[in-house]
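Read the single chain below, which is given as structure tokens and is the form predicted alone.
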């Protein structure tokens, strides 16, 4: 796409400003508004009407790069009620669960909506169970902020306890982020279709042990638990080495497929 056909930044649009140290700031543009940081001020009017990838400078000559936010930016900067699943795990969850457009996906709990946003972005239809009204409302707000109101038409959040029996059925996939996923497994054995996939995210290996024990006693196959580690590298001239710090353990991902009992 040529520069002539790229959409310009508009008022009410949310963008990300990135400084010289790669720090990110989510900003909602407003006519007459200003972005304030330790490096100075940038007028929103300077940004509105410019193209993505433009650079802006403060009075002290500090430089900021303007881009449209990615899902990674949204998840890391979104308003939170519950702890979010981080981007390094969101991608593998989508692949392990084999999420695709128009699939019916059961999710619990919805937390701050990070996983919901990733699921809905694929075109899936999500039914979420959540026991806290404030978490449910925050999740829907975060989904709408990044994906727009259309996504809410495919997002049905119910104030229900996933540990209790449920009458919803016909799910293609189930994705769980709650403390005791083994309590949900019996209900999924009747609400998840044959061949459907379950993926559970849990921080503790004790949780994984309990879940694996319950799965091994039921009509489940292809059971596996994985952990995703994320290590960046320092690359500068002839100096090439792993960075000293890395995002290591966040949670375990256990996945399984429902088969004939």
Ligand code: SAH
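Numbering follows the first chain given and starts at 1. Bear in mind the structure is a predicted one, so any value in this text is a computation, not a measurement.
Although it is not shown, the form predicted together with the ligand is what the next lines describe.
| request: Consider the chain as shown here, without its partner, and state which of 160, 88, 125, 121 has a heavy atom within 4.5 Å of the ligand in the model of the complex. | output: None of the other options qualify; the answer is 160.
| task | Please pick, from 151, 178, 188, 99, the one residue with any non-hydrogen atom lying within 4.5 angstroms of the ligand in the model of the complex. | result | Of 151, 178, 188, 99, the residue with a heavy atom within 4.5 Å of the ligand in the model of the complex is 178.
| request: Determine whether any heavy atom of residue 112 comes within 4.5 Å of a heavy atom of the ligand in the model of the complex, and answer yes or no. | output: Contact check for residue 112: yes, within 4.5 Å of the ligand in the model of the complex.
| said: How about residue 147 - does it come within 4.5 Å of the ligand in the model of the complex, if we only consider non-hydrogen atoms? | reply: No, residue 147 stays farther than 4.5 Å from the ligand in the model of the complex.
| said: Against the ligand in the model of the complex, would residue 72 count as a contact residue? Criterion: heavy atoms within 4.5 Å. | reply: Because no heavy atom of residue 72 falls inside 4.5 Å of the ligand in the model of the complex, the answer is no.
| At the 4.5 Å heavy atom threshold, is residue 135 in contact with the ligand in the model of the complex? | Contact check for residue 135: yes, within 4.5 Å of the ligand in the model of the complex.
| the ligand in the model of the complex - contacting residues of 125 to 147, heavy atom within 4.5 Å | If the 4.5 Å heavy-atom criterion is applied to the ligand in the model of the complex, 125 to 147 yields 129, 130, 131, 132, 135.
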